[in-house]
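Coming up are structure 1 and structure 2: the same protein chain in two forms, each one given alone as structure tokens.
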Structure 1
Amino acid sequence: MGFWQKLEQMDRRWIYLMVAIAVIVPFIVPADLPISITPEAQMVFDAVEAVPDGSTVFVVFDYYPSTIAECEPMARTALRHFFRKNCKVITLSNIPLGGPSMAEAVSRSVAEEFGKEYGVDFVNLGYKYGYVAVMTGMGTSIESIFPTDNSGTPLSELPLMSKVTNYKDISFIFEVADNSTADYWVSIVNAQYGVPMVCGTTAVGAPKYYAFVAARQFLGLLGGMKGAAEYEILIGHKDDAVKGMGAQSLVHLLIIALVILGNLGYFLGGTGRREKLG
């Protein structure tokens, strides 16, 4: 068996080992990689900057725990950005599986950095079933959809919520999603109520939303961990996404190298030629 044939039939466990090394090494030996800013991430930053200081905003945790690595840095950075502008933040989630818990944990930890008080500076509404009904219903009354916050405290007992009735009192929405709920925020809340919004999503989900960015229904877009890293750089607080860029870079390069090697093996090892001959 020739070299190329052996290469073509390489045991997949070697590939798994290479991926594991490519993921682990950059965390042990971190490198300060230059990260350029895409126009879409700059638009997110500019849109949040344009929100008047002290406004009330939504940060929506529409992602599952499986995509924490990509989505949580976006949510964390958005909260930092809003708290820095003294905005009042209302978090909620349309994901029953962990959404409210992640919103609670992330908002409380970021609020602690800025000395923000629960109920006054931020509130977590939690989760309610049926995102289309939730989004539609909040257009009339947020309290009728969420009578209590995530911990069961009536909204009427929270000072922040006394000033908020419906979308008319919400200046901006920062949607972090790994699924199609972002489509409904656009079609229901942006299109029908005119609330400006941006979206942070997984790298796999981002291509879909370029159409909404072009239509200005999303004022900006963060795509995957790279998008989160760009946003961290823009607000001047490098965190988990920037740290993850080394591993992501190496794995991408490894996959590209494997694709090239696989094709070389395919053509030079004879399989490609045999397939062409029929």
Structure 2
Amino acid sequence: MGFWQKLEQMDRRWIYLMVAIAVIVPFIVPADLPISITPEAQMVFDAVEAVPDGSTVFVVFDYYPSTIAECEPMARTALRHFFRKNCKVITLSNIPLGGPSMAEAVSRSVAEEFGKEYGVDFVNLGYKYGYVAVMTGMGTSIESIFPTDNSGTPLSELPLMSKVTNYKDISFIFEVADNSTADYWVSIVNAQYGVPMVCGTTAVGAPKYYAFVAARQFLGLLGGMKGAAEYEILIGHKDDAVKGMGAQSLVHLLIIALVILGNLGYFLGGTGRREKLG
């Protein structure tokens, strides 16, 4: 049996093994593949850079656990960027399933890298039902909507929150979402209170928001894992998104190679010729 005939009859388990290797290896030995920077990602970086050092900002965890691979690297990188600028960060979520706990875990993990203290440098407000009422109510008083933080500590006992009353005290909002809550941050908070914001979302959801960027309602946009990887590169801290893009790129290259080899095997291994003669 010739090579091309053997290729035609390859056990599919070998293909599964090759895909598994292509996924795993970049996380062990990072594949330093080129990642181009889109204008929208550059705009995100520039907008955050323009926030005055020491400002108070929101980082909003509006994504479900199912999209952690795409969205969490964006939130993590945003926190690193703000902490690097010594900004005071307030996190919250409009997602009941996992949102508050992800905000808690990610913010504390990144804060530890920078030696930031909870209650002084960052606070997690957690979740409150009814995002339209929540967003509107915070325009008058954040404490009236979130009387305590995610752990049940009264806001009056947190030094950071003693300096924050409503949106007038928030310099910037970084929204990370895999759903339509981003629309409401624009229509309620940006449109009515003028708070500048950017958005990070899934690759599937990103096309909708290019119009928001064109209208300057979002000052920048990150789309999917690639957008997160671009942001990691821009702040000079390559992490999970860059590794994930390496794995994704290798799998794509493997699939292309297998499609080409499969077609060559079909025509050169005899099956294609036999069907043509038949």
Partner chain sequence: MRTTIPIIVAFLSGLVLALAPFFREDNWFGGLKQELTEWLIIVGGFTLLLGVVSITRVNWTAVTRRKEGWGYKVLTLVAVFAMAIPSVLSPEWSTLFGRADGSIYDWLFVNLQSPMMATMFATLAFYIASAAYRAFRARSVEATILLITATLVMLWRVPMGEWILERLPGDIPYLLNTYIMGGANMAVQRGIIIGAALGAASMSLRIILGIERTYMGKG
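Since the structure is predicted, the reported quantities are computational estimates derived from the model, not experimental observations. Only the largest set of C-alpha atoms that superpose within 1.5 Å between the two forms is called the rigid core. Sequence positions of structure 1, starting at 1, serve as the residue numbers.
Trainee: Tell me which of the two structures is the form predicted alone, please.
Mentor: Answer 2, the form predicted alone.
Trainee: Rigid core aligned, does the Cα position of Leu253 differ by 2 Å or more between structures 1 and 2?
Mentor: The answer is yes; the displacement is at least 2 Å.
Trainee: May I ask for the C-alpha shift of Ala20 between structures 1 and 2, in Å, based on superposition of the rigid core?
Mentor: C-alpha shift for Ala20: 5.3 Å.
Trainee: For Asn263, give the CA shift between structures 1 and 2 in Å, the superposition being done on the rigid core.
Mentor: That residue's C-alpha sits 12.2 Å away in the other form.
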